[in-house]
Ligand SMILES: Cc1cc2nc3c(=O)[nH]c(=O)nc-3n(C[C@H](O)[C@H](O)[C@H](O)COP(=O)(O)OP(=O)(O)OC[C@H]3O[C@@H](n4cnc5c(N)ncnc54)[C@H](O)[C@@H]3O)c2cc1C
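Just one chain is shown here, as structure tokens, and it is the form predicted alone.
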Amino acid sequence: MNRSYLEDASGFQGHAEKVFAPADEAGVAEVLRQASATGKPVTVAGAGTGVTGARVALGGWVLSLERLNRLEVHPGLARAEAAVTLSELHRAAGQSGQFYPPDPTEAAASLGGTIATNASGSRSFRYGDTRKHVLRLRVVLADGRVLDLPRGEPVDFEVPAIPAPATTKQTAGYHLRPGMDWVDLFIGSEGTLGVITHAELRLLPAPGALLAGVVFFRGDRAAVAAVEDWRANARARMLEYFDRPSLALLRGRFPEVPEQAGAAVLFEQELSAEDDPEVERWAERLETAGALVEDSWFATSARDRERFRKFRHALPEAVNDTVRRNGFLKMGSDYAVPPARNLEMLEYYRRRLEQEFAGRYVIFGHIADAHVHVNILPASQEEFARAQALMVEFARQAVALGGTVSAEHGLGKRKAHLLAIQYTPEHLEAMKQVKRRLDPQWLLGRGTLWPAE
């Protein structure tokens, strides 16, 4: 068996009896009918770019959707099967003068996987998460039944209200609320309620031009204060943060990063044209924010913006290189808090990380959503155990501030234990009741979110 079906980007590994890769939705339904008849657990395998182990089987069968890759682009929408990648959709939409707003960092992710985790990415500050852009789903249930679900069709059973965190995005557990529709039920369910085979997705007209910049600051407080101002007074579509350790790691690939920089914010602003007045307004904003303007980088051309994209993507690559050298899995957070608690959470991270892992961590990500990622890079088993404990502490702090234990990656198997930090036993039982209704044998995604019953 090809081992690539039994691991994900985090290095989490599993095992399985068989791998199925049906050619179409009918084949998916047939595999699930067989599994239901024989009681075989089934784990849906997407592109393998996830970091929580959700696509990694711990026994039973693997159902790969890699052959479901048809894509059609129309004015205002795309029709895509589950294995179409984000990069394929972005490219096809761009050729038609449109774009798909969700922009997770890993463009090789499959659309089915991004829907299953309600992924978001760098443009969520302006456009929201995946949930806001799904118009229709086709889903195969555990017993092989196929559902064709337009947006707005309500579920046919009573759904309890589960309290939502006061964050701009969240994907921890099932998104339950009275009167909800089927589409919202399956988005973010991580392959535990049904298998998404096809989606209709909203596309928007591409902007006339873009202004982008990597703005350097002397420290976190200035960077966060600038983000707070820009959130209220600008219409940027991207505000991404890099801390001092992140910049130190990036200097190996980008030696022009200024030595005095203690933080950076990458921004993108849509323009009506290259002479849009927003260009001048940004110059004023940067002066007011006390940024290191002379050392910062700006671009309006596609070529220069591509340099910034590479800068943003180079950090996860550098982190993964460090992980390979250390020989231990990294510990990464996906927590978000209400925007008003942004600096408070960031300073809590910094204080505890400097106490426990000075020189072995980075913080970066979606700061406008108060959703930055902590990556701890342990180099021994003792450090790995301490990192695990610290991540649980961080989860408790995020929830105490009104936040969530997962904003965009889901919890999968590696982080399923965090669900009980955010929700009461009664809330968890309400979610399990939905699982039992749609998958009574508890076959789909066994070990993801829930232990096997």
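The first residue of the shown sequence is 1; numbering continues from there. Quick caveat: nothing in here was measured; it's all calculated off a predicted structure.
One more form of this protein, predicted in complex with the ligand, exists but is not displayed; see below.
Checking E228, E383, E278, E106 for any heavy atom within 4.5 Å of the ligand in the predicted complex turns up a single hit: E106. Put simply, of A172, I367, A336, A82 only one has a heavy atom within 4.5 Å of the ligand in the predicted complex, and it is A82.
With the ligand omitted here, the record of contacts in the predicted complex names 106 to 114 of 344 to 352, 252 to 260, 106 to 114, 157 to 165, defined by a heavy atom within 4.5 Å. Heavy atoms of G48 reach within 4.5 Å of the ligand in the predicted complex, making it an interface residue. Not displayed here, the ligand is approached by H409 to within 4.5 Å at the level of heavy atoms in the predicted complex.
By the criterion of a heavy atom within 4.5 Å, V374 is excluded from the residues contacting the ligand in the predicted complex. Heavy atoms of A57 never reach within 4.5 Å of the ligand in the predicted complex, leaving it off the interface.
If you take 186 to 207 and check each residue for a heavy atom within 4.5 Å of the ligand in the predicted complex, you get E190, G191, G194, V195, I196, in sequence order.
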